[in-house]
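Coming up, as structure tokens: structure 1 and structure 2, two forms of one and the same protein chain.
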Structure 1
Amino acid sequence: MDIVIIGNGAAGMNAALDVRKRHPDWSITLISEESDHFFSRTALMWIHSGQLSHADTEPLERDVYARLNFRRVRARATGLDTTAKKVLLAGGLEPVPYDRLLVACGSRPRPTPFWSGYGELAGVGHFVTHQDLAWYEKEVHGGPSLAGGPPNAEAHLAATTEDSPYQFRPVAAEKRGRLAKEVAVIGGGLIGIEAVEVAHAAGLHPHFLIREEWFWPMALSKAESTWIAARMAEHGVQVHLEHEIEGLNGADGLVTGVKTNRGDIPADCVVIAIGVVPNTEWLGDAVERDKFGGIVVDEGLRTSAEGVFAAGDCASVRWFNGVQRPEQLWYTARDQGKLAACALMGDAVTYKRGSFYNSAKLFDIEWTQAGLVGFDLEDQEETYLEEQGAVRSTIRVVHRRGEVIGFNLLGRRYDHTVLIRWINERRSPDWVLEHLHEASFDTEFVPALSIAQGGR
């Protein structure tokens, strides 16, 4: 049996590991354009600052491919021949035949509506891939940390295409002979916040350009966003809200600023972080894709093509609320990868998405979300509280007809499993506020949650 997996990330690697556990003798091939080793993409920001090395971000030891007999191909997949059951590769490489195929090729940066052509201006890039990281490190620090870059960083260049998201971007700092001083980050999502944070960690005062009235409206309310923006401003970040981007300025092939509806912002390095989309154009019509570009899969993670499955960021699955769209999260990629392994081995499987939850850290502010927040449902009400004491935190409880449906919590750590249990138990807003400390996951000696009476 020839198993081929396109993608070396959380979904692809977890699938490969689980198939190998049951079938020591099956041939397993992992095709990856980006990297020799499975790594945690969510850790790019720490590599940039120097907090982690590349090896630190790899959950498995580097000999895993040799030890578990995974064949590894460092090349760009350019298409599928679903009739002959072959994966086509760039660079004139021999197509890879498969009996069963898992497409787990993840996301790529969202195409930029206000600008095109990376060749035109140096100093413009994203913060999604290893290659983006290498570019952004060169702009801000002059190169990787003392721990070095990833091994065989350029191995894919012999087998890639011009439009690949894994191309290295032209570095303005090299052409200019000076590191970036004014970084501008476009886009107020999590990647944008990370790009801002690493620039700040390098001693810069980045511009943070956001189209909306407040940043990350998908996850935060205006009050919460303002609360965090105040912390960012304390750190010297220049937050520009309601700035519509119209284009980029440049001179002599180097970026010099960002054109907005409210005037120009000077910049010698621009990170475009307006989101990610499924990395699937290369598939063409080989499998059915939805309007987001996600590969449509059924509950068994089967695509429209025989013997082809999809998992992770690139797969469009059915959400708990019935909508079909990709879920671009680490833990869903891992879970889908493990389920895809069963599907590849012929098991009947059903992917069932539970309640939504997520967490992150925005600068030094802990964030936990659980349930339905930001869905703006009919009859939805919210209770918002701010804790002002030894610890500063905010609490937003979303409820509907007397029952809690979601939580958005900043400044403390919470166990989301408890929050989700309360949602399933249909608790009232008053009850959860009274018991909220029971969901605490704060470290030891952190003062207990105290909400002033009448603070609502």
Structure 2
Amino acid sequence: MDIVIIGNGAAGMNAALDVRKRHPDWSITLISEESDHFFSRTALMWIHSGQLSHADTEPLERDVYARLNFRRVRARATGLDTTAKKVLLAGGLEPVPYDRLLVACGSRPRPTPFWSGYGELAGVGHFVTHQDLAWYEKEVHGGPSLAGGPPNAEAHLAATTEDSPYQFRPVAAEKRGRLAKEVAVIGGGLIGIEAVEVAHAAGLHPHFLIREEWFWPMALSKAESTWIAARMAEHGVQVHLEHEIEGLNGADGLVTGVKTNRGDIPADCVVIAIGVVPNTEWLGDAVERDKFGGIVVDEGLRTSAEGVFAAGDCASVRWFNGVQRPEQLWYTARDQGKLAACALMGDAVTYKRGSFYNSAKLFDIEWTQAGLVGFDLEDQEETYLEEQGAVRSTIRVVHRRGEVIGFNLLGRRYDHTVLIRWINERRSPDWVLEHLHEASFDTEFVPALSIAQGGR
């Protein structure tokens, strides 16, 4: 059996590993242009800040392709011939035939609205790919932190064609003759705050431009976000709320600022972090796609083309409320990749999304979310508590008809597996508040939870 997987991220690699466990003699080909090695995309910020090397962010040993007899094709897929069962490649390379195909090509930065200056000015980029990381490091540090990377690391990351989305962005610092002094980050989500944090770690006081009334409204309430924004300001971040971007200013081919509805913001480096979209334009009409660009799959992760499956950020799956759309999370990519492996091997499978969960550290404030938060369901109620003693934290419990359906927790670390178990057990809000300490994931010397200390 010839198995071909497009993408070597969490979905693609988990699928490849599981297929190889059961079928040591099958041919497995992985096609990817961004990087030779599977890496943790959420760890790019730690490379930028000098705390991890590239190798530190790679979950698998670098000899995994040779050891497990995976064929690696470093190229960009440009289309599918679903009749001949071949993957078309850029650069005049021979198409790759398949018996069964998994498309796990992930996401790409959301296309920028028609802002003047975006395409022409050096010093403007994203923070999603390895190539974005190299650009951003050069703007802020003067060179990439490629310690632990392969020899000739930049050549290793070079795009394979001139029109590739993985081309390196032009670096303003090189043209200007000095490093960036004023960084502006556009977009108020997780990627945006990561771009802000690494600029802060470099000793800068970045501008954080957010179009909404508060930071990250899809995940945080106004009260929660107000605390995060205040903490960012204490660190020297210049948070600008309700700022609509109208364009970028420039001179001599270099970015000089951001034009907003509230005036101009000076900047010699601009990171655009307005989200990601499925990286599926290259597929054309070979498979059905939804309005978000996601590849529509059924409960078995099958696409509209025979023998073709999809998983990860690029797959459009059915949500609990009947909506068909992608789930762009590392956890779901991993889970879908492992299920897709079973489908590639001919097993009858059903993808049923479990309880949502996510976690991050927003500057020095822990964040844990589990269950249904932010969906505004019928009969939904919320209990909000605030701790302001030795530790500051907030607790938001979402419940419906006497049963807890979600948690949003800031300031302390919690074990999401315990929270999800309580959701599945249909615990009452009073019960979970009484037992919340059992889900504590704090380190040894953090004071115990005490809502009574200034809480409400």
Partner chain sequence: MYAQGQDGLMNTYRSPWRNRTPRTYALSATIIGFYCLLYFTDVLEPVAQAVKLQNKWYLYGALYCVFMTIGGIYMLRTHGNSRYHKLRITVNILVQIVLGFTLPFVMPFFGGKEFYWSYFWPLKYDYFFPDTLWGLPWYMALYTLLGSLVLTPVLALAFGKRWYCSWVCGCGALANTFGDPWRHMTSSSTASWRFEKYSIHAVLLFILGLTGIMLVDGFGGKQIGWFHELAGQTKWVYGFFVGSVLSGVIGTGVYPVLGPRIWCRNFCPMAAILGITQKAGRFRIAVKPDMCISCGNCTTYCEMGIDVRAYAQQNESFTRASCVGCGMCAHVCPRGVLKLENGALELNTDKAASGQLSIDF
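Computed from a prediction, not measured in an experiment: that's the story for all the values here. Sequence positions of structure 1, starting at 1, serve as the residue numbers. Superpose the two forms; the largest set of C-alphas matching within 1.5 Å is the rigid core.
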Is the form predicted on its own shown as structure 1 or as structure 2? 2
I'd like to know if Gly79 and Gly12 move within one rigid part between structure 1 and structure 2. yes
Measure from C-alpha superpositions the angle of the smaller rigid part's turn against the larger one between structure 1 and structure 2 and state it in degrees. 9
Hey, core superposed, how many Å does Arg400 shift at the CA between structure 1 and structure 2? 3.1
